[in-house]
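Next up is one chain by itself, shown in structure tokens, the form predicted alone.
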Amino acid sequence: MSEDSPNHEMGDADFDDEHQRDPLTTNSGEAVPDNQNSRSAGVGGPLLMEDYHYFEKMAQFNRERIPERVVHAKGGGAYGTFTVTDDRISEYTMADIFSEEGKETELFIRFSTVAGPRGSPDTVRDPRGFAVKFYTEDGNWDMVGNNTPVFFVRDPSKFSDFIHTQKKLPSKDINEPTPQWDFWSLSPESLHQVTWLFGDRGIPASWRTMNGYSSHTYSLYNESDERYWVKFHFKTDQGIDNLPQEKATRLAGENPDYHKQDLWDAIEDGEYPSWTVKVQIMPETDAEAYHINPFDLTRVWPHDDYPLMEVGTMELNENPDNYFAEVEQSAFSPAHVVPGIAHSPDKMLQGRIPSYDDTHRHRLGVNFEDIPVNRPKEASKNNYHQDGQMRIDDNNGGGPNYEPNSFGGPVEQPSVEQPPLAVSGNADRYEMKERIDNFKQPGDLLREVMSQDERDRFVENVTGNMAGVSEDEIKHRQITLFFKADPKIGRRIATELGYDPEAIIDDKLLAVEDEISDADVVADLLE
């Protein structure tokens, strides 16, 4: 490669602000005005179908790997049952799954790592996918979450870029830490999830000993058309247990399928793992005035404000008969809700709604929901879809393939329509700025949730990983973000990496160090 080539390898980046860079365009050559924020109806409104750049970006991203999943490629799963133990939730939703105490619903769950390919080890430091398919009487409801209640970004336009930083370098086909820390240091909203990731819970001891979260805010609505915002929590009944880095690294070599085998063996031995399912519920009218944007995926709702309410229990009690047919071909999508459960203006959730089914159609074919593990069990499937790859049923026979028609066939059901959601504003690209604080909750996690031993391991995990970053500027930026969350942690990380904190941290930040430590974030300094 010549010295004049613009395609530098990672680590050779030119940090000169005057360095000439080509304009970002779509595949058709159209200039992209904003690659960070999707177009929405008003500041907090839903995303718009006209945002072609986003759809092209995600459609391209969804087709990058054949045939495995682009993300969540490595995983395992099992069948089980959800049982309602407290029907107070039925006050807030008409969803039949929650209609009465003792009601049981069959389900299938898939656990996974996020970044690695199918052959990667289970015990890497990575968020875990926690996807549950409930076979309800009203159709399949997919709760597609993670084992963390937050995520790295709050706008879907940044998702594929983030995932690229978790993959191998295109030049070397080798994983290196520089891209991820470069992205995180330039994306302050990632700090909360990064703090989770490099804490003890970044490597669960097993899938059985970790929690699951919807992460996103969804909505519930009842027969009176009253809407409530909701977050789902799956609390492990086995107790939280995690792996120290040294043991996780050893197990990665000894048994790359350690978590998969652990779940399989537990179910085969009759030691059925279970989770207590709880919800946080917010009245619709609270959202606008609440001091935290309730649709910001990088933040949690404090339990003091919205306490956890028990709903039921989930038990896993049956292993699949064939891994490929039932686990590898399982397909989950946050688009799949049932009457009584709906979405929210969470931009990341809105972006996932079309993306997941799109990637399933690419990976498994347009009729992927005819595969037995994905097919509704308690509800019938009736529509006018026709033909396509791997159509395995009667293709809707010889009846009409259009609607409306005069010859019979399924018809719409207005009674299940969700209540209207008020939206307003100009169609534009909006960066989420109101009620945003990227540093308080990560700081609270470090100071108020983690013990001293956990903080020590956190610093060790972070510095061990950041030591391999090729550029000092990237390390300095990230150290500053940690300092804004907790100055003591920021100072420790700087020192461990061989830097003088006084030399790399802004004097204005050093001047308000005590205030930041008390979590009284000085907004004009921390933006």
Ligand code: NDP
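Computed from a predicted structure; not experimentally measured. Note that residue numbering follows the sequence shown and begins at 1.
There is another form of this protein, the form predicted in complex with the named molecule, and it is not shown here; the text below is about that form.
- Here the chain stands alone, but in the predicted complex its contact with the named molecule, taken as any heavy atom within 4.5 Å, falls in 297 to 305 among 297 to 305, 131 to 139, 394 to 402, 80 to 88.
- 235 is the sole member of 360, 235, 336, 167 with a non-hydrogen atom lying within 4.5 angstroms of the named molecule in the predicted complex.
- A single residue from the set 213, 184, 221, 430 has any heavy atom within 4.5 angstroms of the named molecule in the predicted complex; that residue is 213.
- Contact annotation: residue 449 falls within 4.5 Å of the named molecule in the predicted complex, judged by heavy atom distances.
- In the predicted complex, residue 192 approaches the named molecule with a heavy atom inside 4.5 Å.
- Proximity of residue 320 to the named molecule in the predicted complex falls outside the 4.5 Å heavy atom cutoff.
- Not displayed here, the named molecule is kept clear of residue 332 by more than 4.5 Å at the level of heavy atoms in the predicted complex.
- Contact with the named molecule in the predicted complex, defined as a heavy atom within 4.5 Å, is made by none of 121, 245 and 465.
- Annotation for 426 to 444: interface residues with the named molecule in the predicted complex are 441, 444 [heavy atom within 4.5 Å].
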